[in-house]
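For reference, the chain that follows is the form predicted alone, supplied as structure tokens.
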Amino acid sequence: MANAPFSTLEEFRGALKAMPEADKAAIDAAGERNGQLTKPPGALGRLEELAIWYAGWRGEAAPKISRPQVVVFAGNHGVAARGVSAFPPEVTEQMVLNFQHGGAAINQLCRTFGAQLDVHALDLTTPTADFTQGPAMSEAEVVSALRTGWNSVDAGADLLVTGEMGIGNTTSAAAIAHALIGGEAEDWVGRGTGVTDEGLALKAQVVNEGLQANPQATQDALQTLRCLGGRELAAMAGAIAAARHHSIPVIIDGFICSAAAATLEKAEAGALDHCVAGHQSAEAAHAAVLKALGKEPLLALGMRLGEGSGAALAIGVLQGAVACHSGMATFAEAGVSDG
């Protein structure tokens, strides 16, 4: 795992601008192979597009997925003290222990799809600042979280999923989405862990207060992440950027992960070209974030757990797409007439 090549936000911005692109020769070769496989053209639907997209990022005409990695980041939010969650902040640490002991949904999904699971708790005893009073993080704090995310990525992995745990982080994600995309605060807040109608109205109020307290958050996407995000959101952004650096395709998880990822795309257009959306969650605003990112979800199963669970389930879809693409015989190999 490489050491992050940045120590300031401006250096991180520079790293985003210097990212590799997909391998066009591999895309062309994968497309040619797809046209020779023993099936009618287009018969595997979107699986064909996925396989060719994956091949381009891995630089191989017939790649395999054998080393998927799932990284879950946990952080605590000062804004949780405003009562925006149905659960207390202590639950963040309790769930981290559950991840570490193998008892969470994400553990079962990683086991099912052969993914390595890594869990990183980021300063849980020190929540971020309440963003209704000013920036959630200093530059040093957000850069530290970005670096943790970057350094968590296994350069030998061939697929990455990032997940999160953090009481209050749907409010953070809603504030980020509002700052980056616009609309009204009410468009972006949801019930998260199950807040009441009164709690929903409070979340919208808190999001509005956050933007009023941090005017710079609407002017620069990396400042959006610093001022309105949390350590786990910044770490996910850092990991997604590191995956691009290593040409590792990424499956994006739900609303919170998508909001974190959106800061990269808004900071540098095309920064998420190596990513697909794993699913559309039950958080009402998630569909709007995906639309803004131009990402069509692979699954829509009404999930809203977090932990990277929806994206982890979508590992199976991508594995199936790549297995068909790389493992199927061509018409010539099978001795089948192609018409």
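All values derive from a computational prediction rather than experimental measurement. Sequential numbering from 1, following the sequence displayed.
There is also a form predicted together with another copy of the chain; it is not shown, and the following applies to it.
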In the model of the complex, is there a heavy atom of another copy of the chain that lies within 4.5 Å of any heavy atom of A121, even though the partner is absent here? no
I'd like to check something about A332: if you look in the model of the complex, is any of its heavy atoms closer than or equal to 4.5 Å to a heavy atom of another copy of the chain? no
Should L117 be counted as a contact of another copy of the chain in the model of the complex, where contact means heavy atoms within 4.5 Å? no
Q216 near another copy of the chain in the model of the complex, any heavy atom under 4.5 Å? no
Going by heavy atom distances of 4.5 angstroms or less, which of A105, I181, A129, L200 would be at the interface with another copy of the chain in the model of the complex? A105
Assert contact residue (another copy of the chain, in the model of the complex, non-hydrogen atom within 4.5 Å, options L109, V206, A267, I248) equals L109
Segment assignment from 284 to 292, 55 to 63, 298 to 306, 22 to 30: heavy atom within 4.5 Å of another copy of the chain in the model of the complex: 298 to 306
Since the partner is left out here, which residues of 57 to 80 would have a heavy atom within 4.5 Å of another copy of the chain in the model of the complex? none
